[in-house]
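For reference, the chain that follows is the form predicted on its own, supplied as structure tokens.
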Amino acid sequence: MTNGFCVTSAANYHILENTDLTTPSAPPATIVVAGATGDLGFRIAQELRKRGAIVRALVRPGNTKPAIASLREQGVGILEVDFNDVAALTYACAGAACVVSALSGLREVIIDAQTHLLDAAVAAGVPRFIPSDFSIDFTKLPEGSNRNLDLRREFGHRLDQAPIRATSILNGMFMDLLTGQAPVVLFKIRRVLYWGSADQPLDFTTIANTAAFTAAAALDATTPRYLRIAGETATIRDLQAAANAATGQRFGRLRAGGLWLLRLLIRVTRRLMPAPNDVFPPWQGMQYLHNMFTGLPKFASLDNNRYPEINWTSVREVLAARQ
């Protein structure tokens, strides 16, 4: 144990620092990833290693998730650190070119833990910070319309005041959710559920594409404050056509009502099932869909071409992979 954190794979970390991953004239960058045991964070760490980066994954003491062993095998340095200990976090961030947060949670994580991580990055002299903002464009949404995105906006205000260059990556909805978790493409009854207009464009990106883009951005010292990506922008009619093509079956559309009705259902569901400590209660997903169907967070332009090596996955491909 050193300064409040433990390097749980010291031998592996030593190998990382002495492995010739690039040419001598371009030493590999060190990127710190918080939240690397989650799906998105794990993929970001993988993508960074593919690009030759030295990766330090920060995990909470006692974390025994299987992802840790897999990360070690891929050459990622694992550091156990208390996210309430800014001194330990500062030591863990020393020498990094960028800190990437893929943390998931409510206020104690998105505001408190990320603020400690931000303070540590600044104290360690890290030049760049990528927060856990992966979502629709919450900068265009009114406060109170989405609890989880309100937290990201609040942290963004703190980030903008910090003496560090920040880049938020906005990716719309994770396209992967269309195969089950998001109640839009209903495979059992072969319908595409929606509220409001079937012609409202919606932004979708797979978790894999988001991770690849984030890794490229973490290694890019010229990124702006916001980067917006979408593997595909599709209306409900487009989702219907993609489902037809992916399954070889005929899908219909199911309009559940206007946006006013969805807003009312959100209010009723939140009152009946408040779930204040649940990161993704049913009403939170409903808020996200309401936001998207209003069109307010629709991306005006995309930065997909910034890293041309990325092959963007379509909705049809994701739906077909479910078969």
Ligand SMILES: NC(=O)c1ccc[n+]([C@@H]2O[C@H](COP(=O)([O-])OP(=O)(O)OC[C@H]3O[C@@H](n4cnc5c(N)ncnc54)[C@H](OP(=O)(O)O)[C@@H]3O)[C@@H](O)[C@H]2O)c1
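Quick caveat, the model's predicted, so the values are computed rather than measured. Residue numbers run from 1 along the displayed sequence.
In what follows, reference is made to the form predicted together with the named molecule, a form of this protein that is not presented.
J.: Only one of Thr90, Gln240, Ser135, Thr223 comes within 4.5 Å of the named molecule in the predicted bound form by heavy atoms, so just point that one out.
T.: The option sitting close enough to the partner is Ser135.
J.: Just give me the single entry in Ser104, Asn244, Ser145, Gln200 that has a non-hydrogen atom within 4.5 angstroms of the named molecule in the predicted bound form.
T.: Of Ser104, Asn244, Ser145, Gln200, the residue with a heavy atom within 4.5 Å of the named molecule in the predicted bound form is Ser104.
J.: Using a 4.5 Å heavy atom cut-off, which stretch among 165-173, 185-193, 117-125, 223-231 contacts the named molecule in the predicted bound form?
T.: Contact-bearing stretch, as computed: 165-173.
J.: Is Phe83 close enough to the named molecule in the predicted bound form to count, meaning some heavy atom within 4.5 Å?
T.: Output for Phe83 is yes: heavy atoms within 4.5 Å of the named molecule.
J.: Taking heavy atoms only, is Thr37 within 4.5 angstroms of the named molecule in the predicted bound form?
T.: Output for Thr37 is yes: heavy atoms within 4.5 Å of the named molecule.
J.: Whether Arg72 contacts the named molecule in the predicted bound form should be assessed with a 4.5 Å heavy atom distance threshold; does it?
T.: Taking the distances in the predicted bound form, the answer for Arg72 is no, it never comes within 4.5 Å of the named molecule.
J.: Verify the contact flag for Pro297: yes if a non-hydrogen atom of it lies within 4.5 Å of a non-hydrogen atom of the named molecule in the predicted bound form, no if not.
T.: Because no heavy atom of Pro297 falls inside 4.5 Å of the named molecule in the predicted bound form, the answer is no.
J.: Is any part of 255-294 within 4.5 angstroms of the named molecule in the predicted bound form by a non-hydrogen atom, and which residues would that be?
T.: Contacts from 255-294: Phe280, Tyr288.
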